[in-house]
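Two separate entries follow, structure 1 and structure 2, each one form of the same protein chain as structure tokens.
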Structure 1
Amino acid sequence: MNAAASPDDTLIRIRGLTTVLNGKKVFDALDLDIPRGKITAIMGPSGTGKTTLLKHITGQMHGDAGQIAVDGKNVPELSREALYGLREKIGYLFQNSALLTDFDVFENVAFPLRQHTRLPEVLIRNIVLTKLQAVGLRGAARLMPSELSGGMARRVALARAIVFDPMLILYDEPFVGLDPIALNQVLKLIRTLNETLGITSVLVAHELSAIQRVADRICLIANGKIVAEGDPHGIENDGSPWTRQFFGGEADGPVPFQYPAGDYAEALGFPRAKA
């Protein structure tokens, strides 16, 4: 327990989170603090549970043990109404965009506004076009999601995630499929949102160079735990075997490249070498 951090500084406080999925321990007594008003990057090998962690924070999945406090409220214990109230203040960018295929780009971005407010049409139009302008897709307002490329869809999803100016935005791999120009714009946007509106951001991504340009902190997650955390520029060389392997891209080290499996030689049908 980090007693020093007051609840005001910490937006998300995770303590002893343990989750078992299909007999595999995805989280093993994981502790994590996300500071308010900062951009925190979460990195880790694929399949370690980064997406699953974001789902726990938003209450889409529940762990087997542990606490997740968001803005002082313990998510697993919230009633449906309270959870929905909390979600209205959280923006979430899906790994695969998750645009509503029934609606065009404009209506997708306008969707949260239409569901939760009774704003006049003119105002909705202004808000939506502002957000689309910010991601560079104002001209695509009347396209259907099926007419967008992956990178464009991700930017529309980003516009939708920020349409309510939430207190917290969770980005799940936002940089995949973006060309360098769009990447630059999105990075600037994340930075601006953070600086001008004080929005807390949690960024799951693999691109270290991109992360280094925006993030205030990096947490490295592996084997169900936070194995390293620190400054984005210093973490590479902090001397821990985890960071050395992950940022160095080595196959051998504490993080297994192989998904847990039986003996390789045996699986291929070779006789076992006698010791």
Structure 2
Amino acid sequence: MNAAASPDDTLIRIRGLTTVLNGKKVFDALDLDIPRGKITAIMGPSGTGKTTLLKHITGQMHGDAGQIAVDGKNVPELSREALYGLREKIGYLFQNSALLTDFDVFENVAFPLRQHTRLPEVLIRNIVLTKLQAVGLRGAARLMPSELSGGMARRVALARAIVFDPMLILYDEPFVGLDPIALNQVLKLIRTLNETLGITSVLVAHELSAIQRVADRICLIANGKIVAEGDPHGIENDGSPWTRQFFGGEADGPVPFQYPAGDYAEALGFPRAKA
């Protein structure tokens, strides 16, 4: 499904990724290119492996076959040290924000710096305040997570995700639970950060209307492969049965309503009909 792109234009290149979990083939020789400096949305029915794909990109999971190259480095073959070095260039925004409840906003953002660097306190302070300023929350530096709204918590998590000035940010369901104001704020931040910092962004999300406002490209995963990809404003009308079912909300289609099962009558104890 993917058009060939030059290595310089592609930050993430996935070829032939095959992953089997608990006997189920999650990815079936999946191919995918993520272009540099763009916002790519990964969409698809529940259970198709969207979050699992993010774990493959960061080396938290390895497939049974295939290659995943991030910035020219084949992730499954990296040493432990090299993998940690790559992860420092990747920001990750978790679905639930994953803030440390015993730390205030400032210390949540400072946490990666304290864990992975030996920077002087004055420099840590300047970096943290700069990141909080970027997400509009410098004035909330001493608030505790319990004092934050859902939208504010998501923005603090985003400040933490960019604390190392990453080349790539992975967003796992960033719009879940946000009211319209908070959603607009997060959408604006994602687009602004991408344009001002030259970051590459990968979003896993289900909200097409939000994706259409921020993404440059949508890739639809189903049946272990990329079944459709294209412009956010045109992909839903590409004529594919996959896009028609997913974006149209149809209960049945290529993704069946009924989970595979044996004969229904036999399961109820009725005798099998004779031919």
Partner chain sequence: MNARVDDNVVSRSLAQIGECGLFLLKVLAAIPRSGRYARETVRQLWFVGAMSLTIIMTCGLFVGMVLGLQLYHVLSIFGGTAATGTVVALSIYRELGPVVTALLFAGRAGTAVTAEIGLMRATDQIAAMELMAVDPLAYVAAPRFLAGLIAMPLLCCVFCALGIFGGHLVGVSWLGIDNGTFWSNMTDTVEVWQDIVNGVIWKSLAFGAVVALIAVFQGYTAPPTSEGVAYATTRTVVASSIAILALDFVLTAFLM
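Basically, rigid core = biggest C-alpha set you can superpose within 1.5 Å across the two forms. One-based numbering along structure 1's sequence throughout. For clarity, every value in this text was computed on a predicted model and none was experimentally measured.
By the stated condition, namely the form predicted alone, the second structure is the one that fits.
For P166, the Cα coordinates differ by under 2 angstroms between the two structures after the core has been superposed. The Cα position of S97 differs by 2 Å or more between the two structures after fitting on the rigid core. Note on conformational change between the two structures: two rigid parts, with the smaller rotated by 16° relative to the larger (from C-alpha fits). Fit the two forms on the rigid core and the C-alpha of K131 turns out 3.0 Å off between the two structures.
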